[in-house]
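Presented as structure tokens, the chain that follows is alone, the form predicted on its own.
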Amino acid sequence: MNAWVDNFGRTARKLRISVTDRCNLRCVYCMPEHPVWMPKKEILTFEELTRIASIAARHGVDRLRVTGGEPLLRKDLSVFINMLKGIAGIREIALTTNGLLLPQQARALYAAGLDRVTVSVDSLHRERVLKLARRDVRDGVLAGIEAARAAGFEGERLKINVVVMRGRNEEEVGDITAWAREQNLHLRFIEFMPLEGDKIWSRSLLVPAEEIISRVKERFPLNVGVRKPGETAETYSFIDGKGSIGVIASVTQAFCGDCDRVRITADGGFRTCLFAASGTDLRGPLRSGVSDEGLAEYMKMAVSRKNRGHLVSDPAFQRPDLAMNAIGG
């Protein structure tokens, strides 16, 4: 096995796989209100995605995360999870979802071998959810969490993501923390990133990690945060011993120095950074009959060109050519 290592010594270990850019929500931090979807003929099949994941696994990738858009909109997703589960060397498969379709699919996903589920919950208040998601889905999301639990996703197998935005939900940080503690859910707060579709991002809407932690500490004393190499979240345990929270500070405390993630978009774009201006096309070579070795070389070369960091705080920063829903979170 020849692992893919970039020019800064970082080895690719985790692959994000987007199965669709489509979503049943229109979250303001993720996608435009009026999206233009990728043509269905350009979306990779499960077989194509599994082939790419298998090649990546032969070169050191051992953790997969399935994303969208909303991945549960992709028909027969549990079949795909089962396909990925059969790849030698893969030790964990996770899924990020808005949770709305978990009541119908959670048991099948669990049976297929899915290891972890992350559900997005940006507010507990109906009106705030409506403003953030541009859909009235509060009750549906909470029902999805309960369905995941009933299917067997408990403890570390079920996580909650919260994107914090100034003027939208930052006042709720303490209440969401209290709710997560009561529900025994592991919570991760995420800084608002310049990946939204309608280009509303500005520093005035950014709630930095330092403030998020300060708001939590107003209610619940915390121990010193710890971030393991290669992980996105800095984790803080509660002093009373009842669980922990994580904070993903992609903007203010970038963790690019030990980033080990690569990603494939639903239409076959291979990206070495969430903020990459563009990706390396794999769909064309894949559908033209290139060998596994040829595809591996495309990915190896892309990894070798990976930038030192995303430069979000740099005046020269260029936004990606796609919004979050089309890149895969």
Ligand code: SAM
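The structure displayed is predicted, hence computed values, not measured ones. Residue numbers run from 1 along the displayed sequence.
Quick note: we don't show the form predicted in complex with the named molecule, though the next part is all about it.
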For this session: Please run the contact check for residue 67 against the named molecule in the model of the complex: heavy atoms, 4.5 angstroms, yes or no?
Result: yes
For this session: Decide whether residue 30 counts as a contact residue for the named molecule in the model of the complex under a heavy atom distance cut-off of 4.5 Å.
Result: yes
Exercise. Do residue 234 and the named molecule come within 4.5 Å of each other in the model of the complex, heavy atoms counted?
Worked result: no
Exercise. Does residue 169 reach the named molecule in the model of the complex, with heavy atoms at most 4.5 Å apart?
Worked result: no
For this session: Kindly confirm or deny that 96, 192 and 195 each have some heavy atom within 4.5 angstroms of the named molecule in the model of the complex.
Result: yes
For this session: With the named molecule left out here, work out from 76 to 84, 225 to 233, 151 to 159, 96 to 104 which stretch has heavy atoms within 4.5 Å of it in the model of the complex.
Result: 96 to 104
